[in-house]
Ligand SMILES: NC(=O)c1ccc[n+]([C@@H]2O[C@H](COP(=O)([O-])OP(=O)(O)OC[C@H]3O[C@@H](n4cnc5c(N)ncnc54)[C@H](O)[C@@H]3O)[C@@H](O)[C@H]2O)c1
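Let's start with one chain on its own, the form predicted alone, as structure tokens.
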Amino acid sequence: MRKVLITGGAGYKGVKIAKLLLEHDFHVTVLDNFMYGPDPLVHLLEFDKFEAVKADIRNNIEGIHAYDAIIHLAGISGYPACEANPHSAQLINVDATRNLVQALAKDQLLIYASTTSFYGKSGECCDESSQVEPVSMYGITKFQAEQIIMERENSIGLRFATVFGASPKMRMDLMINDFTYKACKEGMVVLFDSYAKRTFIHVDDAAECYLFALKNCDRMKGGLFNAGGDALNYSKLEIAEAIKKYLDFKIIDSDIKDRDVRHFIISFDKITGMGFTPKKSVEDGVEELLRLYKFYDPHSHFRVI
């Protein structure tokens, strides 16, 4: 599995995955429409085995058979973006995924960026056999796409925890990234449903999980795996309190209900049993983000002097 294509590879996770695979001597091609520009990929040009292709996954999968493995990240991510663009979420997250699956040869490995977000709001401990209960357009479309992916034998579905940490292509709509920014820049964090628990994984560990899947594809293909670690199940209040260890800010517990309630504890026994365990803690990510926000404002796209 030496030649890898990453769809949506210019995004938050994709850039990190590409760099890690290049460091492990994979040939890596990123396919992206560069909606947010190609800048996050420029530093990868130092690797001879890197290339990028500007294309839209909805209508251009030419040359797909040239790759041993495809890491499928392309899609509209997150609750706000999917709710604002439900038609595009269906076309990109579901229909384009179906077209990709139909175009692949049987011997090509497909690794799908799935999510734990569709486990719902039961508050219960969920493993891969638990009933799913998506509560948003994002969760619904991701689950539909996962079902399409898993119809073929040579696929791996990684149901990721909520990712956090710094990346060349930052995302600020992720909970820990957002809470840390607001604590640092605004001096307060407002919590909706502060009791609600979900699980987290640092973006570097997420990249390591894709590498792990490539190296262990014979054992993992055909399977679904919650991707994260048992030590990273946190409530919103617990995340805010973790950030409060590093700076003083006000925590406001609001009575307003979150429209995207996710409340569950995830079991990672299956992937842990395979040998994967995240290395970075929430505190590691918070320290990293605070260093970033001291000199760079991702919302304004300018360096703070």
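Bear in mind the structure is a predicted one, so any value in this text is a computation, not a measurement. Heads up: residue numbers just count along the shown sequence, starting at 1.
Same protein, other form: the form predicted together with the ligand, not shown, and the subject of what follows.
*Asks:* If we define contact as a non-hydrogen atom of the residue within 4.5 angstroms of the partner, is Lys169 a contact of the ligand in the predicted bound form?
*Replies:* Yes - in the predicted bound form, heavy atoms of Lys169 and the ligand come within 4.5 Å of each other.
*Asks:* For Leu232, is any heavy atom within 4.5 Å of the ligand in the predicted bound form, or not?
*Replies:* Residue-level check for Leu232: no, no contact with the ligand.
*Asks:* Decide whether Asp258 counts as a contact residue for the ligand in the predicted bound form under a heavy atom distance cut-off of 4.5 Å.
*Replies:* Contact check for Asp258: no, nothing within 4.5 Å of the ligand in the predicted bound form.
*Asks:* Would Gly165 count as touching the ligand in the predicted bound form under a 4.5 Å heavy atom rule?
*Replies:* Flag for Gly165 set to no.
*Asks:* Please name which of the stretches 119-127, 181-189, 101-109, 155-163 has residues with heavy atoms lying within 4.5 Å of the ligand in the predicted bound form.
*Replies:* Single hit among the candidates: 155-163.
*Asks:* Select from 106-121 the residues with a non-hydrogen atom within 4.5 Å of the ligand in the predicted bound form and write them out in sequence order.
*Replies:* Those in contact are Ala113, Ser114, Thr115.
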